[in-house]
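Only one chain is shown below, in structure tokens, and it's the form predicted alone.
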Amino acid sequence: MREVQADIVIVGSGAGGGTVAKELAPLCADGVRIVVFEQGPKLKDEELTGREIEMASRLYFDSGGMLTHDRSMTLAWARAYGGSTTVYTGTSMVVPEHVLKKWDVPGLAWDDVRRRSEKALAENNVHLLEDELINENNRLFVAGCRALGYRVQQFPINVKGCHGAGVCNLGCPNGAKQGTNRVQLPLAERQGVQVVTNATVTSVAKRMCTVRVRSRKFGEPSAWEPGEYIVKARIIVVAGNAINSPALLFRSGLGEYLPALGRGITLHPALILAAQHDHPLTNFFGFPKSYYSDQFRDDQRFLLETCMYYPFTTAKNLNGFGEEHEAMMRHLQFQQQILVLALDEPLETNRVEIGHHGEPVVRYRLAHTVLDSLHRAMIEAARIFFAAGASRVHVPAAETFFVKREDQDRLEALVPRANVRPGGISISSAHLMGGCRMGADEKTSVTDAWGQVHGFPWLFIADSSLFPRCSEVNPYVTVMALADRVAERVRERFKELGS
């Protein structure tokens, strides 16, 4: 096992790790050695093919198909240079003030988070997509919402020179999406930060971590040769996401000192609805996620968003099989889609653990309130489809594969709440939050308001696992804002922690 000396180690290269690396990079000019370890590869531009199965296996953990322990929900996140910023759709929103009030973290003020979020928005070229670039799939959602009197707003997105390839979730083949793979990491590397890809951090301890580097048949070669390493460091910043970060701390034996570790995760449980129109739509071309409605956020606890997923993902989310399923898949060009997100609560029983081999295990029970939200969301999404002119809608919990336009007034009867049950419909999550939550109480939280782990001054967390509750918006920008705070605290304490 080889030994390497560093000063600061950052585990993960996504929104959190990439931001910390960029903010700390100026220290390299003073001789500080900073190393970022990323479990996944750095794909070459020509390797971003847009082919669904190929990209899922190369960019996503478990090909995007990791299941919760009871197999009721699919969890998706990336392992790649840039983390999940490489594969998410680019929606970039500041966390609402009412969410920070619910978090109730002493020392965490919304004005500070907003200011740091705005800094990230500026760095990543976040703006509203020009009207002429919005495709019909998105326009129909707006038309349906407005016909029903529902609030509908445009997503700010972080693109530059978007060609409308429509494959954002598979890695942008045109380099338009401004994730940490395009902005923060290259800037950090130019200043001297080293990013080591294909590198899994297996444990952390005071002044050291263990790392395993592997070779892959695709992507750029890792900066380090394959093998096992012991890396000495003054400070370790863990930014592996809400699943990997708690698992890493558990593998490192820290669970006995941190009673809240892994607990209270939230996932924004989601499902897809699809509708058929009588004419072909521009749906797979153009930016896929341009609008959302928060009409039902406060009372029914769900959000509605535009989306357009790829054939395999769409097929697995349609409930049922046979001729009707085949007919819908054969007419994808006639299809409109809506994504629904339930805003879940941080139940103590919903948690991350590790298995016999140190692998992450997610125990998550779909609460009745979440299932209630998904039920109401499906009915409201179907109403939007019909208001936009759809001829028939596939509602996953409906009694029949299709609900036809002439039956839209019977939605309540055709989509019974009893059909919304774990395992009965395809539910997934790409917003993984909690597990190392912030707070002042060492018994109920893992870090303080600056991401420093209670009782371990050399250890910081900088990812969505810090969230005490769900963010109620895409968590990407909020992660960057919190990571900016973490980097500030690391800079302040660097000399002290090195003594």
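What you see is a predicted model, and the numbers here were worked out from it, not measured in a lab. Residue numbers run from 1 along the displayed sequence.
Form predicted together with a small molecule: not shown, discussed below.
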*Is there a heavy atom of residue 252 lying 4.5 Å or less from a heavy atom of the small molecule in the model of the complex?*
no
*Is residue 90 one of the residues lying within 4.5 Å of the small molecule in the model of the complex, judged by heavy atom distances?*
yes
*Considering only heavy atoms, tell me if residue 15 and the small molecule come within 4.5 Å of each other in the model of the complex.*
yes
*asked:* Contact with the small molecule in the model of the complex for residue 292, defined as at least one heavy atom pair within 4.5 Å: yes or no?
replied: no
*Tell me, which of 76, 140, 195, 342 has a heavy atom within 4.5 angstroms of the small molecule in the model of the complex?*
76
_I need to confirm a contact call. Of 388, 199, 233, 273, which residue comes within 4.5 Å of the small molecule in the model of the complex, counting heavy atoms only?_
199
*Counting only non-hydrogen atoms, which stretch in 273-281, 391-399, 199-207, 220-228 is within 4.5 Å of the small molecule in the model of the complex?*
199-207
